[in-house]
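Only one chain is included here, represented as structure tokens and corresponding to the form predicted on its own.
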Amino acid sequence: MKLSTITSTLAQMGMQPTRSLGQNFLHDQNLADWIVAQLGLKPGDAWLELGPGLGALTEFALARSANGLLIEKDGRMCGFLRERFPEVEIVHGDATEFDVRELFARGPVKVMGNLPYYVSSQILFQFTDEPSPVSTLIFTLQKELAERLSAEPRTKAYGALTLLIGRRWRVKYLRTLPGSVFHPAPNVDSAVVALTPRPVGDFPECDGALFRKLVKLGFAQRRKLLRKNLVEQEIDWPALCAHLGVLETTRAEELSLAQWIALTNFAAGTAPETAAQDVHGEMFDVVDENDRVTGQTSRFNAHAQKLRHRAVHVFVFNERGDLFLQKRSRWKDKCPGLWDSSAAGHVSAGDDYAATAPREVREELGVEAEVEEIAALAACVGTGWEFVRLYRARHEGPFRLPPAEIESGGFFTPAQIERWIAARPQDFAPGFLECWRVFNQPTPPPAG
């Protein structure tokens, strides 16, 4: 929208830009078109705009894809937007309170917004936190924040924010915007940044929770030596520094992202997993159509020859009734990158269902939990020719997810899962879909 159009529209609405909402309206149409172009929208692509205001970006996004969603906090703006763009879905609400899990049913979503400075960091973490359904973020931020996101080691701007976002996201500083392109003009410059998920192999995997803890501790007192900030972590500092190839007097801002990941894996006592899972070593019981053992074979042969074998799935709920789902590692031999039950695994040769279920919870989630068997599924195409026993458990987390096995995970409400499955069943491992179907079957009334 042109500046004259913005001022006349606001006058007709009888309102002034609200400082507390961070309302600064972009009035350079060429710039608005350029910002939307950075999303790379194609017809049918799902996109989300945060704080659209009067719709400066919205009109250019809708010209590329009609599959949009707007979140606007100002009720007056919502009314205007509904009249101007009747074809797009508009949510009247605070973007900082939006449940990002609702976006999974829309598939990979591209997100854009001219973010109010005072909530920019909060929104950044909210939409990039694991798990995330977002494929691209194009945000207009205060220039200082944009510089922190894209900073290099050994610079003043480089810090915890750089690393916490950068571990999973590539950040590109696109351009600086002077205050004069907004109404009213802010007192500082802004910048447009692009965030895209890091591809497989960009960096080794590591324990995300431990990485976050160590980074925050490392930068808690920026000028102190890193070993002093991490003194309570019981790390063999000389061995670590030799491993990283740095001096023992190094400070947090002197380590690159790759070195911080290596530090995390060293502290965890694990080597980074970058190779595909070994599928030949495990041995399974082969069973007949009645789940009776007839012999043994390797994991590889069981899957390749579609032989019947055994597995367990565990649904872990929290007190609110939300179900934890895991996203399978991209290194898995079966269903890589798909969403699955809270914990699941094969029953090894000579073992049984009851012993395997709690062990899978312990190995995949890093917690102890009592399990209760709730269903038995016959071997079929959907289960990968596995007889499955389904168990239920309760735990609030947090969980420690092994990076070689699980990429990420999160709690979802049953309603969110239902909508997600209905819209995008291809996002889920077939075995989970079978378990979810059986879990949701109505209980038959008692006989008589």
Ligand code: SAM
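The first residue of the shown sequence is 1; numbering continues from there. Bear in mind that the values here come from a model prediction, so they are computed numbers and not experimental data.
FYI, the form predicted in complex with this ligand isn't displayed, but the following is about it.
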- Among the candidate residues G295, G321, G93, G350, which is the single one with a non-hydrogen atom no more than 4.5 Å from this ligand in the model of the complex? G93
- Task: Taking 4.5 Å between heavy atoms as the contact cutoff, choose which of N114, S341, T162, T356 touches this ligand in the model of the complex.
- Result: N114
- Message: With a cut-off of 4.5 Å between heavy atoms, is F25 one of the residues that contacts this ligand in the model of the complex?
- Response: yes
- Item | Heavy atom of E72 within 4.5 Å of this ligand in the model of the complex | yes
- Would Y118 count as a contact of this ligand in the model of the complex, using a 4.5 angstroms cut-off between non-hydrogen atoms? yes
- Message: in the model of the complex, is there a heavy atom of this ligand that lies within 4.5 Å of any heavy atom of L21, even though the partner is absent here?
- Response: yes
- Note on the structure: For this ligand in the model of the complex, the stretch among 393-401, 412-420, 376-384, 51-59 with residues bearing a heavy atom within 4.5 Å is 51-59
